[in-house]
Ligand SMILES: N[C@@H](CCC(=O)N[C@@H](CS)C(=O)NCC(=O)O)C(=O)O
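Taking the form predicted on its own, here's one chain by itself in structure tokens.
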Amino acid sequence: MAFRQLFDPESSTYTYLIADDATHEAVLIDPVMEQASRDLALLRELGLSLRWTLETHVHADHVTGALAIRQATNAQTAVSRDCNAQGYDRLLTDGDVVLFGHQEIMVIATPGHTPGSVSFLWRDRLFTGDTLLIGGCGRTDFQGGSAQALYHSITARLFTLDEQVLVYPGHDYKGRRVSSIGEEKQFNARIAGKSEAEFVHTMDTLNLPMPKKIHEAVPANLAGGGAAALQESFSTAAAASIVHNISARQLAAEWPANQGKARLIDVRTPAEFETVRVAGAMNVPLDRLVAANLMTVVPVEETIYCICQTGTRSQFAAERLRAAGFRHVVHVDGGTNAWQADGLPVVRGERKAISMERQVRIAAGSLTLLGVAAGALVHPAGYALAAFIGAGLFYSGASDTCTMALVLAKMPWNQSASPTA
């Protein structure tokens, strides 16, 4: 069995290499783009065949090396389904098992640092990403983080493991390399012996600066370490097109004072907007968002905040507006879900609406079942419908677009004649 703990000094990120002796198959956990050549050289040196690169979450302090390594090795990439990321080969859920050689890695959902954070358990070793650090834990003030969820993940999921299990964190800033569940239960300064209320208070008052690479790293990692991740550095032009991110709480602090000097654009469907929204927001559905039209009423120098339900559609909208020439575009992490989770005030309508993400899942699942049933009971040609839906979902993941969502957005139940502000 080969095991290596590798380190990136710029982001203080640990990358882990695990290999099966019998088959020489291997996995990498949390590879870093700038260290891809190092990791590839180590694989060649040890004569290993890489099967997987695994991400503990969508990182904000570095761009993943997953895509660059996949292109060099044909290894598959994986991230939690709850990260709402595109471009990965496998979307993981709690309890999944990743196989390589004769080895198994179990996926443990540990949301809190981000909604899609997971830990990986291999034998007696636990790879915790930013969920549990040595003597600490990851922050919860951006990317839809939740101190309550993190407390539950650590105390109810990780601290229930055998105390002898070794803890290998995603970062350490003091040169520490490994701990154990027993040690962290007893000595972790953030959570050991703390009530949930005490822990939440601690996390809510950290006031940490944003990671230096957050504006480059998060969009690239949401796209699987996409095109930007293949560059060793970002050009000046690319840096100028970066969309800024803020949390729901930061928006709540900024928005009341800036309503006369900024716009909050909600890019959900009219039906979703009617159901619940942030006061003062204007509704411009993503499928109707035309930057040139918006420029006729909004000066390019004015700050634009983009929000949706979870943060996915608003990211696309913000990138579209920034590319069109708007100079101050801000994407709200976690969207209205994060806003409500933080207990912030909303305007509610009488209408109830199913979120677009759920509508896509319902429609895709229904059409797939219909195709399979038609193929089995009526005529084999019915299977073509299921195949067509599968091809559409594959294209959606590969292209980072969703044609089905665009179609559903135009359906009557997603429309409204109500005012949009």
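None of these values were measured; they are calculated from a predicted model. Quick note: we count residues from 1 along the sequence shown, nothing fancier.
Another form, the form predicted in complex with the ligand, is not on view; read the next lines as being about it.
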* Asked: Does residue 297 make contact with the ligand in the model of the complex, using a 4.5 Å heavy atom cut-off?
  -> no
* To do: May I ask you to check whether residue 257 falls inside a 4.5 Å heavy atom distance of the ligand in the model of the complex?
  => no
* **Heavy atom of residue 311 within 4.5 Å of the ligand in the model of the complex** => no
* Going by a heavy atom distance of 4.5 Å, is residue 137 a contact of the ligand in the model of the complex? -> yes
* **Contact at 171, 190 and 210 by the ligand in the model of the complex, all three, heavy atom at most 4.5 Å** => yes
* To do: Choose from 340-348, 202-210, 153-161, 273-281 the stretch whose residues reach within 4.5 Å of the ligand in the model of the complex, heavy atoms counted.
  => 202-210
* Asked: Looking at 92, 332, 265, 133, which is the one with a non-hydrogen atom within 4.5 Å of the ligand in the model of the complex?
  -> 133
* Scan 89-125 and write down, in order along the chain, each residue with a heavy atom lying within 4.5 Å of the ligand in the model of the complex. => 113
